[in-house]
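Coming up is one lone chain in C-alpha cells, specifically the form predicted on its own.
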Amino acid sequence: MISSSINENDIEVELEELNQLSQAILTKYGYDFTNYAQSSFKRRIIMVLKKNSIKSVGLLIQKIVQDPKFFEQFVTDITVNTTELFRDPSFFRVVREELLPILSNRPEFNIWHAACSTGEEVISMAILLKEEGLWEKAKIYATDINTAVLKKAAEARYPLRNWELFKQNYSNTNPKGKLEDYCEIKDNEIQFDKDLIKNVRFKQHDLAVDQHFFKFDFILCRNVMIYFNQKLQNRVFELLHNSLFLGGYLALGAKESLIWCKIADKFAAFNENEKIYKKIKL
C-alpha cells in the first residue's frame, strides 16, 4: 500500500537528480533515458516515487542499482504502454487498401513493430495480413525495451473490458471477417489465436542505444517519438532509415512527424494524413 505520508504534490525532483538517475541506469543496465522528454520523464519518476513510498531520487537510485527485479518493474512503470487493437482505424484502413497491395508484389517482405508494447498492433497487422492473403509472405519482428510487456505480447491475451473497443476499431478498417474469427473469450479474457503470431519474432531492443539488426520493407514506430527530445528523435530516425530497404515504408503516430528531423529529405510522404512515409534516398 502507498504510504499516505508521500503526496505527489510534495515531491520535488530536480533536473540534476534526473540526470544522476539516468546515468546510474545507463551505467548499471545499459538502458538510456538521458534524452527522454524531460517533462514526461519527470512525471513518471514522481509516480514511481509515490507508488513505492520512496522519499527521494537518491533512495530510488540505490534501490534500482541494488535490486534488478525492482528495476524490471521500474522499466514497466516508466515506459508508456498505452495501445489498443487497430488503434486509429483509418491508419489500418490505408495500410489495408493502399500499402499492402504494394507489398503484395514482393516475393516476401519484412515488417518491424518498434516499441510494440503489449502487442495489440502486432495482432492487428497479423489479422490484416491474413485477410489480404499475405500472412505467409511476411516476416514480422516485434521489439520493445521492456521485456515484461514483450512476454505479454507473446501471450496474445487481453482483458475482456477492451472487447467493445477492439470490435469497434476493427469494424472501421473495412474488414473481411469478424473479430470473433480470430479469438475466443474465456476466463474474462480475450485469447487470440496463437497462429496469428507464429511468424512473429519478439526481441528486446532499446531504440535509444541499440543499432539496426535487420532490413525491413515496412516499419511501424507509432506514438513513441513524442516521448523523446529532439536529439533522440534524430538518432532514432537515423536508425529507422538505416533499417529500411530503399523504397520501404515508415509509419509514425498521429501526432508525430519527421519534417524537422535531419534526414527528412530522405523520405517522401506516402500518406501524410496517416503519417506514412517512403524511403527515397540511401
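Counting begins at 1, following the sequence as shown. Keep in mind it's a predicted model, so treat the numbers as computed, not measured.
This next part talks about the form predicted in complex with a small molecule, which is not shown.
The contact with the small molecule in the predicted complex, taken as any heavy atom within 4.5 Å, belongs to Leu207 out of Ala154, Leu100, Leu207, Cys183. Only one of the listed residues (Thr83, Asn110, Asn169, Asn199) places a non-hydrogen atom within 4.5 angstroms of the small molecule in the predicted complex, and that residue is Thr83. In plain terms, the part of the chain that comes close to the small molecule in the predicted complex, with a heavy atom within 4.5 Å, is 112-120 out of 134-142, 171-179, 112-120, 154-162. Contact annotation: His241 falls outside 4.5 Å of the small molecule in the predicted complex, judged by heavy atom distances. Among heavy atoms of Asn52, none comes within 4.5 Å of the small molecule in the predicted complex.
Although the partner is absent here, Asn223 sits close enough that one of its heavy atoms falls within 4.5 Å of the small molecule in the predicted complex. The shortest heavy atom separation between Phe228 and the small molecule in the predicted complex is within 4.5 Å.
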